[in-house]
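Single chain ahead, written as structure tokens, the form predicted alone.
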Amino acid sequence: MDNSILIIGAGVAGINCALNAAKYGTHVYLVDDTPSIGGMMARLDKTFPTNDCSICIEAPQMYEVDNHPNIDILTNTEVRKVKKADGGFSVRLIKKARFIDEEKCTGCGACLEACPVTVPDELDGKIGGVRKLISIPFPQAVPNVMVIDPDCRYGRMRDKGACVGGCVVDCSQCRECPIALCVAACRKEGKDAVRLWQANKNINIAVRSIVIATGIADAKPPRGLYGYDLYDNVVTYTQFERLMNAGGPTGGQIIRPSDRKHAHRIAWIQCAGRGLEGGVPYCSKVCCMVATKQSIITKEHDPQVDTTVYYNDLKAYGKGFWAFYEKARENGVKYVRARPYDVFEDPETKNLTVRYEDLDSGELRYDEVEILVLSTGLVANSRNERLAKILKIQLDKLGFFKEKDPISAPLETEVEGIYVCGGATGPIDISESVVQATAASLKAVSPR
């Protein structure tokens, strides 16, 4: 315990926090409740303001974490209980069954090809992304092994055509499955890695400090906001990010969800839903630069695409951000200071008409576009509330973790030995997350 810390959340902040702490000889438990480390950054296309490849930056860090002798990665794992003990913390973790032997699985994909059921992907479903009931989260996932959907394992996908769940005897009592196609495919490859009888596992650890790096989530727009969930070609900015991504469901082709045709007129609405019921009540800091990045990359795909950004107040607070905005203008991106108030669809062409007030002239105008992107903002991770109760620390009214004192005790909480960084503290960009992660790791490894 004297030389171990626990990091909760394995996005870019958690990864950098772990690497920095490990360099000081500290043993790190890096825990994430999803099947792979990487967080939101692993799903992005590019980073602003340099437009560098996101996964090209993060994948080497993920590899380094995976191979560092001082770091234990625990994916698909939740924190269930934390107690003060001997100047540190006694922690109970639950490693959820992924129904795969991680030591034997090589990620060959034979089981994936054999799986008979395809379902919409949680992140990419709106834009056509799909996955099998057994899958790898993304190509560069760490660990790069399969995971089986619990709904398949427990027989809840039989009506969709799943081959598992029809037995009288439960998988936990039967080790020779004669019907699961993934089991047969894996054994044919000589791996025998599928473990339908695998159970959740309790893990008890003792650590001196805890760092919370639970990250952020994109705000889901309410149904009907500017036609979202009513019209196929209204998407969020995270969904559009996946459209641009070469590793996304369209292979980087910016096409319309409605007819899979290339879009030639695309618009972004900033602060979508802000101040409305169900909308984000604050500025998320990064949305203006995300729209700027996406419009620039769209122009790089096809300079003839007409791109328009409807904004109220432009947020360009970081190093190089204003020059990044000017670059977008030079590339032909139109910025309109506007207040959009209505969107309707042509039922034949599926094109969208955006009606708005031009805030500079006061006139009511309208534009026709083929894809409408909603910049809805960033919100606290849904896991924060449960985690705050377990750790006995406070959240602010927006659901982010409270710092003890942002001026005199930044990144510290009311509980000595528990620290926060990255999106756990509020809306933040990647570079700020890395800076905070470095600072939090130093606090965590320093003697108290």
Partner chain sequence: MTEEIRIGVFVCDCGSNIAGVVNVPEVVNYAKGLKNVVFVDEGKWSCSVDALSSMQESIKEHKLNRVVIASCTARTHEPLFKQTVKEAGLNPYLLEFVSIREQVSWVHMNEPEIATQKAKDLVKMGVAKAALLEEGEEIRLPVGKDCMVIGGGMAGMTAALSLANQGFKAVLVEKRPQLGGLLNLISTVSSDKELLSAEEIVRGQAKLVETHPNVVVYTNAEIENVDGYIGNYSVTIKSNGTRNNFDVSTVIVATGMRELNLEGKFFYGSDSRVVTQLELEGILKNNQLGDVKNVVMVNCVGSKNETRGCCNIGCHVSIKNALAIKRVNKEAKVYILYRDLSMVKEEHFHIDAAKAAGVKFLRFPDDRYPEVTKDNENLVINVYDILSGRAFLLSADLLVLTAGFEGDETIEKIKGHLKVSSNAEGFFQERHIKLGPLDFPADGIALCGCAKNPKTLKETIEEGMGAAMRVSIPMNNGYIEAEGIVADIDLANCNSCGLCWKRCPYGAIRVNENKEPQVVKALCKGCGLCAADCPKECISIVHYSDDQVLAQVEAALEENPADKIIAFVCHWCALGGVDMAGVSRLQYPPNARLIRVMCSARVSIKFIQRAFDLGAAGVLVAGCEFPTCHYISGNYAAEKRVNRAKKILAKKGFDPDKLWNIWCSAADGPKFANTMREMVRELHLAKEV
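Numbering follows the first chain given and starts at 1. Since the structure is predicted, the reported quantities are computational estimates derived from the model, not experimental observations.
Missing here is the form predicted in complex with the partner chain; even so, the following discussion is about that form.
Mapping the unseen interface onto this chain, residue 400 counts among the residues with a heavy atom inside 4.5 Å of the partner chain in the predicted bound form.
Using a 4.5 angstroms limit between non-hydrogen atoms, residue 411 touches the partner chain in the predicted bound form. Contact between residue 325 and the partner chain in the predicted bound form is found at the 4.5 Å heavy atom cutoff. Taking the partner from elsewhere, residue 360 is found to have a heavy atom lying within 4.5 Å of the partner chain in the predicted bound form.
Residues within 4.5 angstroms of the partner chain in the predicted bound form, judged by any non-hydrogen atom, belong to 316-324 and to none of the other stretches in 114-122, 316-324, 363-371, 91-99. 246 is the sole member of 130, 246, 184, 85 with a non-hydrogen atom lying within 4.5 angstroms of the partner chain in the predicted bound form.
The partner is absent here, but in the predicted bound form a heavy atom of 139, alone among 278, 139, 224, 332, sits within 4.5 Å of the partner chain.
Contacts between 26-56 and the partner chain, taken as any heavy atom within 4.5 Å in the predicted bound form, involve 41, 46, 47, 48, 49, 50, 51, 52, 53, 55, 56.
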